[in-house]
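Only one chain comes next, encoded as structure tokens, the form predicted on its own.
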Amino acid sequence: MRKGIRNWGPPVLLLAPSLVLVAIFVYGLIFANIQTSMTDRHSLASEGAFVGFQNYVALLTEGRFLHSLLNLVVFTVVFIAGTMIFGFIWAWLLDKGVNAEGVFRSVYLFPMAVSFVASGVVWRWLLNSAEGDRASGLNRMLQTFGLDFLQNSWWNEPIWGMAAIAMPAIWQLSGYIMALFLAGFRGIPDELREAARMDGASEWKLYRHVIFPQLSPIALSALIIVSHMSLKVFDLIMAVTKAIYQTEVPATYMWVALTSNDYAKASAIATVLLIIASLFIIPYLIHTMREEKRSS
């Protein structure tokens, strides 16, 4: 008994402070949030009586919240597609070998060093909706190159304006995805590529049967990371457009509800976001655990 305590006692004592803090400030606050979402705290004067899932039913049948979910879907699809495509292409080009590779890596990764708020301020000017003689930002650049027909109101467009909002997010995160894919490319032994070529594999077959399977774990990890980040988008939208209906997503709608003292609705939105995030993360964790068991 004493020997067992000596074995597991010190690690438990070492981890205890972190476990206590996580239990209180993560899981404890999640429980408190769910509890608040099941009350009628829609103002400072409300008593907080228990109403069960009434707030969730009202939320999921509310047009404004469904509109914010649709905006989030559009943003997520464009954001994931853009970061994955650009990240892979940049990594592929660097893996092929270029002069001054360190310079290109720094250029691609630099946007990550800028906060979403700072980049949002710049992109707010770039995505200015003014056209014609009053055009500025991207619209002015298009006008300069004789591409006036490509001018548009960017984020002022309902629903599809979210695709424009995804542009700064793609610019900022593509370098990170590039770093992941580049690490995957560099982790593939040259012997595998040479063996495939010796067997007569064309370049396409080499990528299809050798390189892409090796990169699939990296792609899955990148997909989960980007999906998770898209669900939490808040600061970028607030910096570019503020909390307006055209670009409203659940996170900004939650902020509007919270600042209006509608704590029950804000908590319900937060819980819905947590559930959506879990739909991405939990399957990934299960898949990772199964892969670790197979490899061991």
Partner chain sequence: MSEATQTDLSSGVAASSSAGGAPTGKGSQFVLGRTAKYALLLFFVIIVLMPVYVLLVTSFKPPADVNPESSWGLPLRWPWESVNGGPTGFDNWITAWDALAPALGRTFLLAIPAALIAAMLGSMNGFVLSRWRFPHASLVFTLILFGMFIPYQAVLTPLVQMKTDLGLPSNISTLLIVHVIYGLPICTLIFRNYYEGIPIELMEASRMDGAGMLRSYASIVLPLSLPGFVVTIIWQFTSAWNDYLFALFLTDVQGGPVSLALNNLAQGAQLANYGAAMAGALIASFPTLLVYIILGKYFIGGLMSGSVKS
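Keep in mind that what you see is a predicted model, and the values were worked out from it rather than measured. Residue numbers count along the first chain shown, from 1.
The same protein also has a form predicted together with its partner chain, omitted here; what follows describes it.
Enquirer: Note which of Leu150, Val98, Ala81, Val73 lies within 4.5 Å of its partner chain in the predicted complex, where distance is taken over heavy atoms; exactly one does.
Expert: Exactly one residue meets the criterion: Val98.
Enquirer: Hey, in the predicted complex, does Trp125 get a heavy atom within 4.5 angstroms of its partner chain?
Expert: Trp125: yes, in contact with its partner chain in the predicted complex.
Enquirer: Consider Tyr56 of the chain shown here, and say whether it contacts its partner chain in the predicted complex, taking contact as heavy atoms within 4.5 Å.
Expert: Close contact is absent here: in the predicted complex, Tyr56 is far from its partner chain, nothing within 4.5 Å, heavy atoms only.
Enquirer: Can His209 be called a contact residue for its partner chain in the predicted complex at 4.5 Å between heavy atoms?
Expert: Heavy-atom contact with its partner chain at 4.5 Å: absent for His209.
Enquirer: Mark Val26 yes when one of its heavy atoms lies within 4.5 Å of a heavy atom of its partner chain in the predicted complex, and no otherwise.
Expert: Val26 belongs to the contact set for its partner chain.
Enquirer: Can you name the residues of 241-278 that have a non-hydrogen atom within 4.5 angstroms of its partner chain in the predicted complex?
Expert: Contacting residues: Lys242, Ala251, Met254, Trp255, Leu258, Tyr263, Ala266, Ser267, Ala270, Leu273, Leu274, Ala277, Ser278.
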